[in-house]
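Next comes just one chain, in structure tokens: the form predicted alone.
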Amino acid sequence: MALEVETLEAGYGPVPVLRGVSIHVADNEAVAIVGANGAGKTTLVRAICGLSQATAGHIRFHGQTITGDAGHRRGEAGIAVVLETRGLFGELTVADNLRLAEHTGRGVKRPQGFRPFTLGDVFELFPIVKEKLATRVELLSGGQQQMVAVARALLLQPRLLVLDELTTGLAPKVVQEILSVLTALRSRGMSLLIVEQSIKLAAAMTDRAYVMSLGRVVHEVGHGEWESTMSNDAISKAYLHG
């Protein structure tokens, strides 16, 4: 199992957000976390990646407990994240941002048979990134910045890629390009955990999903259940503001 989260609790200071959340992501599986604003989706991502401290529960990555590990330790283990804020260095060029990721990625633990991502792989997935290498990131469009953020994450050599609100504010054409990239990543055996507000996009990107509300998992969408879930008005209205 790539990722196992058991009865996780986390929050901000004395304010609890996650309340006993349990999820898992198998090897080479794409799983979505869906729910309305304020459901706790981003807090869950931050707890998994070590950006927020869990107050109870357990997180395991490929069988190893990482609950108390710092964020950089989780990166070294093979977890990379693209946050909604992207976290790029806007004043640096695209090339500089990628070069920093390459350097960091050399310290990641790689299991036998793991094929590292190269700049060539990134350019094949995102041709526009190669075209904009000499451009400062702050001068790129939102869609281009998102592509750079994903490219940078891949150069960190993850086995699990966590994507938080990947498609928010992007043009439909860019969304389709990113969907194609995610399909290519699956072909390389990567596991994906994707936070997405649009249930239709989540269905297009993943095998199954967890629906969150008020810090809890309130519904699971199993393999082959996306169509029935999207047509379920009660779930949509109660948890997805549909």
Ligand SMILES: Nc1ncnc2c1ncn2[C@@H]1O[C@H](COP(=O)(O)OP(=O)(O)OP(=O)(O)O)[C@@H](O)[C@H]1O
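Quantities reported herein were computed from a predicted structural model and do not represent experimental measurements. So that there is no doubt, residue numbering starts at 1 and follows the sequence shown.
Below: the form predicted in complex with the ligand, not depicted.
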Per-stretch contact check against the ligand in the model of the complex, the hit in 183 to 191, 42 to 50, 23 to 31, 56 to 64 (non-hydrogen atom, 4.5 angstroms): 42 to 50
In the model of the complex, does V17 come within 4.5 Å of the ligand, counting heavy atoms only? yes
With a 4.5 Å heavy atom cut-off, would you call S198 a contact of the ligand in the model of the complex? no
Could you confirm whether G38 comes within 4.5 Å of the ligand in the model of the complex, counting heavy atoms only? yes
Residue-level question: is E102 within 4.5 Å of the ligand in the model of the complex, judged on heavy atoms? no
Residue among D96, E76, E165, D121 with a heavy atom within 4.5 Å of the ligand in the model of the complex: E165
Neighbours of the ligand in the model of the complex among 76 to 115 [non-hydrogen atom within 4.5 angstroms]: E84
